[in-house]
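Starting off, we have a lone chain in the form predicted on its own, written out as structure tokens.
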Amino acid sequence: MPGSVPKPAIPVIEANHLTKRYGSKLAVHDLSFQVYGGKVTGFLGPNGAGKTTALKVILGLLSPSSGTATVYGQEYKQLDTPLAVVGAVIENPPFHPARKARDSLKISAACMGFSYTRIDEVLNLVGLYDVAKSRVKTFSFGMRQRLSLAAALMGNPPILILDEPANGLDPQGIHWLRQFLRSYVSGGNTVFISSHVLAEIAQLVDDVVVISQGRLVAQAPVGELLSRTTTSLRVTSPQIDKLVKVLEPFGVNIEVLAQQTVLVTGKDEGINALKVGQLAADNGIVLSELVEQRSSLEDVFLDLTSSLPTKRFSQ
């Protein structure tokens, strides 16, 4: 309709002033964030930041000290069929090592009240169909992770909550997980995935929620974090003092690294290796080294989690 205002996106998972206290210890403190449908949202923070505690509150495994956590606007326990709404892997299920993979899923299905008819389908989804009759003790760590994921998929849920699923996976396993979850959300489903290593899931997530010491420090599209990376130039010259004077009018930050070496960081895109090289040539300055050094997403992550003021970007 011409002139109509688009409806705002409605979060499928939401925490509002969520607090969880264990005696005098605050595991989660006044935490508020939103997870939107059809996306992979990364839940990031250092080990001990409160991620698993917050996920357990969302899933009704822990009661909050104050505040609320909802799924589709309801507490998890109020959902009609919660296991068919949210599939979760929190602290990997303890599959018996001597039991076969298919039998393990039969037990999971029986406990969750689901039919056995979906077992072969989820085994195929996670790439374990051909080893369904193998015993769990013969599985690699990555294969056990996939079996846990198969159990979470038994109810064909529109939401997956995964706690550190990439932990301990080799590059091939991480690549498989990335492909699987991207395919899962392509149909409109939602993934909320925790990790303490931003670089590990940076290529997977659409949005990020970053916490530290139980508090929110940032919520943003991952592209916003990518834009926070900076490029510096390591420059060495026997005429370094002259070069510094040439660069000063450009408002750059210059850090002395050694007697003839500086690190140049521009405040915008106006200074780059080509520009510095041209300025040096125009002013008769000899350069013996000119190297670009780009900060990583890990640098951004460490910067965010080292301070607590909330940084919330456009959604």
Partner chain sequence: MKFQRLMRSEFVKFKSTRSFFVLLGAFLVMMWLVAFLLALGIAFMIALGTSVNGSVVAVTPKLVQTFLISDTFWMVFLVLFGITVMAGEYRHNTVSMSLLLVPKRWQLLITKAVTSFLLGAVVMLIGVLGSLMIWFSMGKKSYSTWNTWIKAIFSSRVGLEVLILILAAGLLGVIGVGLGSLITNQLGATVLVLAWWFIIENIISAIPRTAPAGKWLPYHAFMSFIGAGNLFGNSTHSTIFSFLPQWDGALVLFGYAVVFLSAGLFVVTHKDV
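C-alpha atoms forming the largest set that superposes within 1.5 Å between two forms make up the rigid core. Residue numbers count along the first chain shown, from 1. For clarity, every value in this text was computed on a predicted model and none was experimentally measured.
Just so it is clear, the following notes concern the form predicted together with the partner chain, a form of the same protein that is not shown.
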Can you pick the one in E224, D206, D120, D103 that has a heavy atom within 4.5 Å of the partner chain in the predicted complex?
-> D103
Contact assignment for the partner chain in the predicted complex, among D80, D130, D241, D170, heavy atom within 4.5 Å | D80
Contact segment among 55 to 63, 23 to 31, 255 to 263, 40 to 48, judged by heavy atoms lying within 4.5 Å of the partner chain in the predicted complex | 55 to 63
Does Y116 make contact with the partner chain in the predicted complex, using a 4.5 Å heavy atom cut-off?
-> yes
With the partner left out of view, is C111 within 4.5 angstroms of the partner chain in the predicted complex by any non-hydrogen atom?
-> yes
Should R178 be classed as touching the partner chain in the predicted complex when contacts are defined as heavy atoms within 4.5 Å?
-> no
Is H96 close enough to touch the partner chain in the predicted complex, meaning at least one heavy atom pair within 4.5 Å?
-> yes
Quick one: which residues from 151 to 179 get a non-hydrogen atom within 4.5 Å of the partner chain in the predicted complex?
-> A151
Core-superposed comparison between the shown form and the other one, T138 Cα displacement 2 Å or beyond | yes
Verify the C-alpha shift of S183 between the shown form and the other one: is it 2 Å or more after superposing the core?
-> no
Would you say S115 moves between the shown form and the other one, meaning its CA shifts by 2 Å or more once the core is fitted?
-> yes
Per the comparison in the predicted complex, the P82 and I107 C-alpha atoms (change 3 Å or more) are positioned closer
Indicate closer or farther: the Cα atoms of M112 and G50, in the predicted complex, relative to the displayed form, with a change of 3 Å or more.
-> farther
